[in-house]
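Below you'll find only one chain, the form predicted on its own, shown as structure tokens.
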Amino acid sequence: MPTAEQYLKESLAAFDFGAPVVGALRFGQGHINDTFVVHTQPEDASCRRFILQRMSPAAFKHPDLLMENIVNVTEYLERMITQSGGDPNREALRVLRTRDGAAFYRDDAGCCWRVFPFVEETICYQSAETPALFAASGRAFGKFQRLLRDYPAETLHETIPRFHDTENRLANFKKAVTADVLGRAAGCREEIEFILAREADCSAALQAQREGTLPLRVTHNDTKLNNILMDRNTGEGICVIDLDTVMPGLSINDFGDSIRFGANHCAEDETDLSKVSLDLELFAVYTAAFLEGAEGTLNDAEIAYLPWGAKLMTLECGMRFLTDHLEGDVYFHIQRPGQNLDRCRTQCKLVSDMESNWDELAAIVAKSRPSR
């Protein structure tokens, strides 16, 4: 696939930024899409910035459906935020249309690009540097659930089929182990056995959904701390970003992915596993904040299953990293050999730590449960 830079000029020309473009630079630390910050210079105003992204064709096979989801959800959020007296220009993403009025541009190589106005005076954090910061992200993702509680989730496209279908992730993982196309399985036998020993766990949430215990909701499906824009002045989370995986799903998955990413103090690819552990204080802080932001949106079963969300999203992510390692690092970007294996190992360590503290996790959730 050609580099994004080869088609950058062409893609910039497809959008009307309202002023001359004076620069475009690589931006952010995402694993999937190619992201640039675009600088424009209006004649009678300060520089205005935009985010330009080339969507990964490997991750997103149907960009038209993906962008339809994003347009519909962001426009709905804009209405809900306006009705509640908020500022939709800062609290929701807005899709900038192409010169032809489309939601995205397809370049000559077939890759698709989209643009969002840059939300100024915000900052994106890669880790929970303070409990207050993690709590702010929890309130933001809880609010995301609340704002979309009446959105018809079943009308959204499943842009990545079976994305949080943990049973299917396990099946794909087993296929990768059996195929062992690069001969890497021998070097990660311990991690393979760890995942296979938890095969029954992979059905816990899906079975509850099939039984009607856990309802279908609009979910973000990638609720890492760095997908929240934090206001530089107030420290509060004001805008949920990276909506590529907004689909029908389970609320416990959104909660769980945040815990997986944020309730520890280590990098996702930490090589010293003695540094990797679940921070119970951060778990408690986030749980209370998430439920506060949701303001009664979740039912009793969803709240009770929150620890399962944390465990399953961590286990699933570990499976995905290890599957990609076995298949040749074709999905997640890597900067060094073995990085996806290291990412898998941190997830397995976190799962183990969650299991060791399972009763305490349940007690924290029970204590944080809002009164009805």
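One rule holds for the numbers: they count along the sequence shown, beginning at 1. Because the structure is a prediction, the values reported are computed rather than measured.
Keep in mind the form predicted together with a small molecule is missing from the figure; the text below concerns it.
Remark: all three candidate residues (Val119, Asn226 and Asp242) come within 4.5 Å of the small molecule in the predicted bound form, counting heavy atoms only. Contact check for Pro57: every heavy atom lies farther than 4.5 Å from the small molecule in the predicted bound form. In the predicted bound form, the small molecule sits beyond 4.5 Å of every heavy atom of Asn69. The small molecule in the predicted bound form comes within 4.5 Å of no heavy atom belonging to Gly338. For Gly28, a non-hydrogen atom is located within 4.5 Å of the small molecule in the predicted bound form, even though that partner is not displayed.
Segments offered: 192-200, 209-217, 119-127, 278-286. Contacting the small molecule in the predicted bound form at heavy atom distances within 4.5 Å is 119-127. Screening Ile238, Ala103, Leu93, Ala185 for any heavy atom within 4.5 Å of the small molecule in the predicted bound form leaves a single hit, Leu93.
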